[in-house]
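Just the one chain here, the form predicted alone, laid out as structure tokens.
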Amino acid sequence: MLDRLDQQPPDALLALIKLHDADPRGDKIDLGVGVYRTGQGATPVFGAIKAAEQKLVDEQDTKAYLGPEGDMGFVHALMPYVFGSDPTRGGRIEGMQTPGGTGAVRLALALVKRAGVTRVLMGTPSWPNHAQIVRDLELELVTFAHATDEGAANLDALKDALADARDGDVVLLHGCCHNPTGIDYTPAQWDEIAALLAENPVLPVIDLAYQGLGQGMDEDAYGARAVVDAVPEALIAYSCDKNFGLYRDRVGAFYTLAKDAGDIDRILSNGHALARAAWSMPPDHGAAAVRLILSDPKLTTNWLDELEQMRTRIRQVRARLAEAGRIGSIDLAPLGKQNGMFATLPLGKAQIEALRDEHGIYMAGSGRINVAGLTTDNIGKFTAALAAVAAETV
């Protein structure tokens, strides 16, 4: 029976990792893998996480199952950071733990399918797994341009998509630090988006995966909060993998905003049933560590300090790239105004292959780079390599 399965193409990013690892050049640069790196190229464990994990070693007295909703202490401790000073909006917001932000996105889209949704509106380019999840759930994907040719968020394209939407459609939006472009809606644009969604039957699903890595914790949550304040219903997928450095521990949360507080139990009962069928119980360790951090003022301060150091380094790298300005047809100046770890460069296949083969610089085939892979020591090499390939055929 298994002979009926078709061979699937390998994951392009995983293949890129293998190519990078096999490259013997000492000055190679990895801009493909989507993890934060220090100026020395490391992806360390947060000191606050280490301290919380030690508390777990010393104090945790059981590894017994949690329910499909996961660690609700973790879920509730996150809510003020996500939603601000009124985190439940009068009891209309509640959530559950998921395996990473990916699990939260999957759960949100599976839930709306169960509610009868058939179409998902999404700006492109987007994180590749968004489209994969939509396809796997056999939902129809309707795309619009996320960014303009000038490198700004394309609000007009979103307006057109909403104007053409059907009753019951879903729109999937990045909350901040857009992956892969780094191009975010401005606060003024978010206000306009929130007002449009308040008048539109489309259900917003917001993927908030990089809070704290753009402009700041409150600044990066501005869009999600504006939408939640304006609409009757919304779904939010949240990831702690990046802003707590818990990549392999898969720590995420799913939140729902309901029209009335009395609807919450019914909505989440469906979420729990879907989770039970998909992963049964979410992994506990990372979420428990986050809960301990957010319940201890000293550890919270330590975490926020470490996050600020990450954010500052990312902004410094962006500023250095922006200083390089235009290199042939490649304009790096806009990178200084973008947010988060990612940016997409207008490079063709031949140029990306030349950067890899001739210069040892590895990036996704889309031209997406992880700016945190650059340091003060290798930015010069990177910009020189860009200049060398800029004149080549796109």
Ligand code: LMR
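One-based numbering along the sequence shown. Keep in mind that this is a model prediction, so the values were computed, not measured.
The same protein has a further form, the form predicted together with the ligand, not shown here; the description that follows concerns it.
- When the ligand is considered in the model of the complex, only one residue from W127, F144, F83, W279 comes within 4.5 Å through any heavy atom, namely W127.
- A heavy atom within 4.5 Å of the ligand in the model of the complex is found for one listed residue only; from L66, V33, A354, A51, this is V33.
- Annotation: in the model of the complex, residues F244, R311 and R315 none come within 4.5 Å of the ligand through any heavy atom.
- At least one heavy atom of Y210 is located within 4.5 Å of the ligand in the model of the complex.
- At a distance threshold of 4.5 angstroms between non-hydrogen atoms, T181 is out of contact with the ligand in the model of the complex.
- Mapping the unseen interface onto this chain, R37 falls outside it, with no heavy atom inside 4.5 Å of the ligand in the model of the complex.
- Within this chain, A12 is remote from the site of the ligand in the model of the complex, having no heavy atom within 4.5 Å.
- Residue F342 is the sole member of 326-342 found to place a heavy atom within 4.5 Å of the ligand in the model of the complex.
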